[in-house]
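So this one's two forms of a single chain, laid out as structure tokens and tagged structure 1 and structure 2.
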Structure 1
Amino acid sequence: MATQESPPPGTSSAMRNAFGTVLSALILLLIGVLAFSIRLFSVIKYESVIHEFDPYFNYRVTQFLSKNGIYEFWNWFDDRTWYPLGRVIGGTVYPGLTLTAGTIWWALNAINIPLSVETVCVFTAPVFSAFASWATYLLTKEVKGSGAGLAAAALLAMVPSYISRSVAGSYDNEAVAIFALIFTFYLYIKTLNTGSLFYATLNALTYFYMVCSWGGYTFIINLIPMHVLLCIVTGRYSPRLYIAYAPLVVLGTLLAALVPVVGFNAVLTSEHFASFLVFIIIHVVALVYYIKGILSPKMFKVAVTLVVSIGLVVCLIVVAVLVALVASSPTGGWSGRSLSLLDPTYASKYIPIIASVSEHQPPTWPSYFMDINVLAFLVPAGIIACFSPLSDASSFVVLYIVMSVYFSGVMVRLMLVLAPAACIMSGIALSQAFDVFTASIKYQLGRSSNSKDDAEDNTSTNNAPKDDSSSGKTDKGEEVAKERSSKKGKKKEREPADKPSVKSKIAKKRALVLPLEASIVALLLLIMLGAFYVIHCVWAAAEAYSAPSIVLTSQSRDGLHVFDDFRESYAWLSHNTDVDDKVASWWDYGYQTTAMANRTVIVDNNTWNNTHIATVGTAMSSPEKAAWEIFNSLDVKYVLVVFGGLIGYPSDDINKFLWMVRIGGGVFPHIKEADYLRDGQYRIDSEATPTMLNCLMYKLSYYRFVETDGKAYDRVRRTEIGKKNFKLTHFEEVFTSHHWMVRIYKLKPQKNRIRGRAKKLKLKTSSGLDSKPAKKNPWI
């Protein structure tokens, strides 16, 4: 604040600009620190570990990359997963995240900072969150000036929706992808504002980075064409638009096709068709404008008929070809996940594996309050502000918010894409509101003095005490931001578009004021709103989104309980089983098993083969003997189930079981969901159906459970279980973790089936001896 008050009245504007730049840089630095540090709760409260499921896979890939180098990585065929099929990792992952973290690790080691790969992976997401908030500043600055930019950056640094995906340890694609998304948009807007080919090229390169990082890149390649189309339709075509769009499509598509996982999809699937269609349209329109430029108005009228009709014919042909192409492919050329966005009921009807994931469900209103909090109130004001006046850049962010808010309404997971848009909009709204209120206060206080310069300088002094009164430190950032926008930002923002009107507007604004006391109260209310946002975000970061889900804690009267059962069990597997043993579990635990126990799994979280998952689902839903046969045919030696009934851990396998039945039944019709339900209700107590009580999942979960408390009371389902005393015939328990959360069973050897037949038994044992050395390494 001291720096702000120091310039005496009458300092040259250059001096003020310099101060503004330094202050902006300082604020941005603090925003970066904030974005990084708010994501460290998980490390402080738990420890520096990789979280959840997918990050473990990414971690394993990064380890492989850092150990074997990039060429090995591209050609990596992983035989530890999807047994017996295996998986070509190099060709099926989005390599952006892995390459980023691998490069960081390599660079740090090259300058003799010996960090482990795990540490680099844990902190990649927080670092990129700081980058993302800086990118947001740049983007919003292009749209509405640096004041709005700083506000938006501060909001994004702590928006809960983004925090949920980028806490330290959450090493997933989204961590770097959101930065790439915002930065791509920034470069697009920058190109649109400047018409510079340099930025257009950079834009294609960041788009390439985005394609490398996340499947969500299709959002970009559909949103930008839509914006271009919108500009054309509303008569805003300009050469700048052409430069912003055409290089992106050409270079971007070529670069995208270089990524193995995308490959020819970049030109073959209909997610990309919109961009090509608009590419054609923009050329037609450019031709029209060119001809308009070289012909006299009369001649042009003649020519227009000709060009329009030719253009229409070309478009019609292209549309027809596209429709034919789309119609000829089985799903209409759209992948299941994208289809569920357009027809929201699609996934729940036809693809249980998509519908089974809770983050693919449509959200209710509390989700918005949880994930973007008070921004939900501010966004409409931001939308309105973007329309006064409407520029190419502001129309883009309006389109961005509209699209992302619609898609987030379909799939809760896409709230992540909405968050930056909501921050930008709210930043603009807050900036404008502070602008108006502080300008009013300044005007009312300085009415006595007629000089404009005096009035302007008063703003800074007036604002200073208000800043101190605000509770959160980010509010200071926001408020200072407003100030900047009122002075320097306004001048800079729309230089290319409508320079002359800006000055007159500022002059006009002088007179547009609100009453003094009402403005002060309004300011205080806005600051309160901001403070509430800060508190909510800190709470969300600390309490809601920091749990690594691999280590669980619970707070009870007699202190903190730590449940470290998962790591205990994976460690048991890696120490007590053979390196080549196959472990079957539901797909959720596949990545963790390969990464932490280094054992081969049947299915994992990369749900690429529905039949294989259905096989495991069927085994889990079958009676013991049938399940044993299925598992035995897959060479499975151990079966791992997660059970929460003892400690009340709700996301265990019994709660996921109906999805196993559904997915299994989708491929193997003898598994019927109705057999597991009593009057349409899923229950495991004495009212449960015999099919349910005899299926493998029930038995493996509740085996010996009655020995814990004598009653076999399940704390998740809040009931006593239906069948308490039973023996296992084809499986034997080999390990149960401390809190019974993970239970591991071994398949009993086949000899049980031919008991009593001495001859065969002899033969069997001898052949068993023969097969033993062979079994040791079946896959090499």
Structure 2
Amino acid sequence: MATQESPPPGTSSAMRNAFGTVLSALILLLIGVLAFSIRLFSVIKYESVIHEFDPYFNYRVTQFLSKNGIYEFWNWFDDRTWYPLGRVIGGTVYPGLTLTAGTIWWALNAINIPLSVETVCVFTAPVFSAFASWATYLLTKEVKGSGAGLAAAALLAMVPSYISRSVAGSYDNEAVAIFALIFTFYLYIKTLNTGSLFYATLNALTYFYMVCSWGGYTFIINLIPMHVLLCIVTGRYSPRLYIAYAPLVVLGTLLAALVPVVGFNAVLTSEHFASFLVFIIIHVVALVYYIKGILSPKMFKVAVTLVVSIGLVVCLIVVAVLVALVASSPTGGWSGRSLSLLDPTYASKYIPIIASVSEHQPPTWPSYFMDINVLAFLVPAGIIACFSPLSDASSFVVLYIVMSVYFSGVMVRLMLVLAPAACIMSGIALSQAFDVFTASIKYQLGRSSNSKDDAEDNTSTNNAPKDDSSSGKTDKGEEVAKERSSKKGKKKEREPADKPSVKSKIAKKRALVLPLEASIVALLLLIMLGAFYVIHCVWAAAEAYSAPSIVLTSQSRDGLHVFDDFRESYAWLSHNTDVDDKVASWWDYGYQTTAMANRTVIVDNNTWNNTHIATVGTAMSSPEKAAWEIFNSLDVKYVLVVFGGLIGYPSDDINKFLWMVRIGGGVFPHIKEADYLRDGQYRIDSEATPTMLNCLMYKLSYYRFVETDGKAYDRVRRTEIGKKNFKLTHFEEVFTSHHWMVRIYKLKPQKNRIRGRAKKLKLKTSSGLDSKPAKKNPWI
């Protein structure tokens, strides 16, 4: 029998590889287009507008950067926020998003594409969502191949959790930070797989970009040390692990310290201590492995004892220094948000300003189905697939999903960190499942065709002459003997390398072969599952996450109703108040007031000064006269409140009022939450407490509310208010928006003191002396 010649290089296999590369590139391009286009529903349905609260501050900072340059940006002192304290913007903001959008705007204008700063800010998040999808492909490809990478990239392009933070107009730090997070992990795994110092340097630079973009960089600098320690403990240390980790800690920490908002916190806060401890441990382990290679076994035991002893002493000294630093801090060197992640009850006990933010609350079970949908069911399958076989890369993504699940369960905002991990695991699960099912179908179809061919051969051999068959057998035997003798040496050389892989492949094929009908049904179910996921993601992008908070909509029998009260109110402030007037409101609306009305605010969304926020909360919780005195001491001229009782808007100030009481009472003890509750219940009806009915927030929200329907029925609280007819003595209403969502009041001027003049007149009348009427003083 003649041997089959292998195809020369550059024929079918090379063509197949080239076609696969081109097809993968085309699919990635389409995934990028999908990731960008699915986030444009907000622009199509509404308009090109900035969303939410924090993005307005980022937009204002980007405007300043594009107009004045980067040097003015670093030294910018903003006197329109936190009056009378002000804020140093360059030293208190993460500049990554602003610098990225400013660079894009400058580059587009340099090539004569004159887009406005607002347009660039609106579309920055969709563009970087495409980049994040491609980074997910690269990361997953390093773990389980290109098939899993394509599946993970397609899933991330549509996952609702990421869409909620990257829709067009959502100009927040997470828009670019998620891309930086995934790309940093990819470069770490790439360095771990290749041992390249070039990729290690790129990893440190990408980590620096992540530090510039978002405070969530601490997740990276804690997750990677945990993985390094896991590899060391499980006996998977290698020089590649050292190259992947050591440059990241050294270069990454030095670069992180260059960011003004981080500074020396990169080496002084507890969030970074784990990376330094693991840095010491990996050097001790590397030294042990190095000594093991150059010494004899006896000398190695002595040297290991010495190295371990010195290493323990160094670790104890470092731990002692860290304990001293931690003991000197009232919070143990941790930030309030970090402590709330480690202890979910910490914020509600000690820092109500953190607990008052809705995105810092724990998520509910339905929110998982809403934000990651069917991925929640595919993640366990992906974890199992990562263990067959377990590698350094697959152990990292397993650790990533475990930690992100924990943190997302503590804070709903961190569902955003869970989304990439869930997409990676689900992509691996889908890829492995498709491989098994398609291989089973191919094997079963090939087996059936082979059985038919064998049957035909058997019939033909039975009908053939006996002499030919015997001669054929002898010729065949001679040929086989010759081939065996000629290939005996080659076979012996290849046996040790080929036999295990061939056997393992055969065993795997036999173990994973499923019946034909079951494989077809399973493939159809996976396709239906994917279709359901696509439908849900498109619905979430179009309906749930496309509406900007600055413009509200409501669907009724009469059609679509648009509530544009916020922009109406900010426009009124901009056109009807002086430039230097100060506006007081709850901190939620500070960024929007500064950016859209261009007026000075007392507090805003930065929430860096708890005492200042507590002062505003105390004023809102106090009676009218006491509140007037507080606001007057802060040079406030206008007070803005948000009220949703008329149209049923639930996120108004009355629903947030208890947080104002708690934050104010945390600094000023005379404000007590129990005084605003009736039998432990928060009420605004006739059963409400006198303290509640007479506080400033109640009066500013419900002033003249009875004139709307004659009953003063609150549609949010679903009850009639307790105090309907009252007058304001120290504030006057100057503006109420069309749907009563925003109400603006002006502080009345202080009355002149006339007690001395009244006393003189009283003395004159009591003495009975006739006198001419005094001339009226024009200055009184």
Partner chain sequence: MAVHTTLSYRFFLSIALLSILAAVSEPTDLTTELVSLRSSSESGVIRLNDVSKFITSVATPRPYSLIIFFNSIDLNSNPLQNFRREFGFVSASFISNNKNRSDVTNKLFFCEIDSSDSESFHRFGIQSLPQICLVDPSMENLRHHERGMMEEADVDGTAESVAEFVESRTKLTVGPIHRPPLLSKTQIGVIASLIAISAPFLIKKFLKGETFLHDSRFWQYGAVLVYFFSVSGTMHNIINSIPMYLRDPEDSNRLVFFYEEPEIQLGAEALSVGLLYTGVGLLLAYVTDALVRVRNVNEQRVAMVLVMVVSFLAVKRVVYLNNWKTGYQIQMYWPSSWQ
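C-alpha atoms forming the largest set that superposes within 1.5 Å between two forms make up the rigid core. Along the sequence of structure 1, residues get numbers from 1 upward. Treat the numbers as computed from the prediction; the structure is a model and nothing was measured.
- Remark: the form predicted in complex with the partner chain is the source of structure 1; structure 2 originates elsewhere.
- Residue displacement note: residue 562 has its CA displaced by under 2 Å between structure 1 and structure 2 (rigid core superposed).
- A movement of the C-alpha atom of residue 85 falling short of 2 angstroms is seen between structure 1 and structure 2 when the two forms are aligned on their rigid core.
- In the core-superposed comparison between structure 1 and structure 2, the C-alpha atom of residue 314 has shifted by at least 2 angstroms.
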